[in-house]
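This document opens with one chain alone, in structure tokens, the form predicted on its own.
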């Protein structure tokens, strides 16, 4: 870690600087509903607001801090970005919307991309000019990427793409897609014929159709490729070796690999926030906080929350993880999203009958924030590999259990 080069004083002065900047520059309430996650950006109005905010964060030096300075970052140790992100969470500023670029495509390009790819893509990801989406899942092949049917056939200096992808977050706005497609059907091993592309979206033969979510928002699309012609130069790595790149990318998506540019991708919720709800509600005529069962449940959640925090700290010390070296990073996605689901569900339980009303209802507690947060949480327990898939990963790769 580079952290030792920077004194505690220097880091605490930096924290103060970020905190002060956010206090002054935090956007005012725009008068329309802002997304809680990057998966529910359904209108140009919301997109433009978030684009402006991300640009402001980046141009002021608080986004992409550890990315190389020649490609729009600042080349600083990751600890600076971590501090900036903590302060953003504390002050509950809006999300940085371009998450697939900031968190997945960008780090992959920094790690294994050519100089040309870094020059072409990285700065636009940080500024918010170039929106990225992901083309992995397909209709009927959600978690089983080995069964991908979308084809990319080589034709001189291009590939002709046919097929469809689903759950494409911001597919309708995206300029680029990280695309996994089948370039070879001859292999016995279904993973061998897949290739990985940094594919353009705004070209003939690519169209999207919006998908309405359980919250009522439109954040996803289905994407269709009909003889779409993409340059052969958009192939990343070697043809037929896309599977290993996709697996590397999923390490970023699941939080097992560092390198993300930073910013908030999902508005965080904590036990402390649920305590605030309990303060304003009653159970059997008395404040919910005075009810022993409610207090007991909150304490259990508080213990879980602290354990997750300490687990993250522990993961940074190799000596403390020698028994199961990758267990914390590999299980973090499962632990975090499932904890979040239980927490948000309990915030609704505390509301009693008021839990049944939704955003827009005058009787909704905190304007229906928790109802929306609970429904939104399903996208995090499904995306990036369902909780069931994550449990299998922990079972096989951490505990060494047999596949069956």
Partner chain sequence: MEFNNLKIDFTEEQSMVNASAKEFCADNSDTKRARQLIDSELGFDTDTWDEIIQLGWTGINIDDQYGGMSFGISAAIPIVEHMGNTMMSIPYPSHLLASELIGRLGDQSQKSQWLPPLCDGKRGTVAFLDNEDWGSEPQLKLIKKNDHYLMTGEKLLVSDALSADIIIVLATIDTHPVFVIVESHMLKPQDLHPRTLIDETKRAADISLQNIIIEETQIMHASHEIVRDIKLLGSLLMAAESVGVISITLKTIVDYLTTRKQFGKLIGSYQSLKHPTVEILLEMDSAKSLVYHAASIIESGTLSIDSQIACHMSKAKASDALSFAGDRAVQFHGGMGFTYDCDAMLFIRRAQWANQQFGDPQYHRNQLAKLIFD
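Residue numbers count along the first chain shown, from 1. Note that the structure is predicted; figures quoted are calculated from it, not measured. Take the two forms, superpose them, and find the largest set of C-alpha atoms that agree within 1.5 Å; that set is the rigid core.
Beyond the structure shown, there is the form predicted together with the partner chain, which is absent from this document and is the topic of what follows.
Look at 44-52, 26-34, 66-74, 368-376: in the predicted bound form, residues with non-hydrogen atoms within 4.5 angstroms of the partner chain sit in 368-376. Against the partner chain in the predicted bound form, the set 319, 331 and 348 is in full contact: each member has a heavy atom within 4.5 Å. Although the partner is absent here, residue 206 sits far enough away that none of its heavy atoms falls within 4.5 Å of the partner chain in the predicted bound form. Among heavy atoms of residue 213, some come within 4.5 Å of the partner chain in the predicted bound form. Interface residue remark: residue 11 is not counted as part of the site for the partner chain in the predicted bound form, having no heavy atom within 4.5 Å. Not displayed here, the partner chain is kept clear of residue 240 by more than 4.5 Å at the level of heavy atoms in the predicted bound form. Checking 314, 154, 119, 92 against the partner chain in the predicted bound form, a heavy atom within 4.5 Å turns up for just one residue: 314.
None of 111, 86, 304, 192 but one reaches within 4.5 angstroms of the partner chain in the predicted bound form through a heavy atom, and that residue is 304. For the stretch 375-389, the set of residues having any non-hydrogen atom within 4.5 angstroms of the partner chain in the predicted bound form comprises 375, 376, 378, 379, 381, 382, 386, 387, 388, 389, in sequence order. Superposition on the rigid core between the shown form and the other one places the CA atom of residue 28 less than 2 Å from its counterpart. Positional change of residue 62 between the shown form and the other one stays under 2 Å at the C-alpha, relative to the superposed core.
Residue 18: CA moves less than 2 Å between the shown form and the other one after rigid-core fitting.
Relative to the shown form, the CA atoms of residue 46 and residue 362 are brought 3 Å or more closer together in the predicted bound form. Compared with the form shown here, the Cα atoms of residue 383 and residue 120 sit 3 Å or more farther apart in the predicted bound form.
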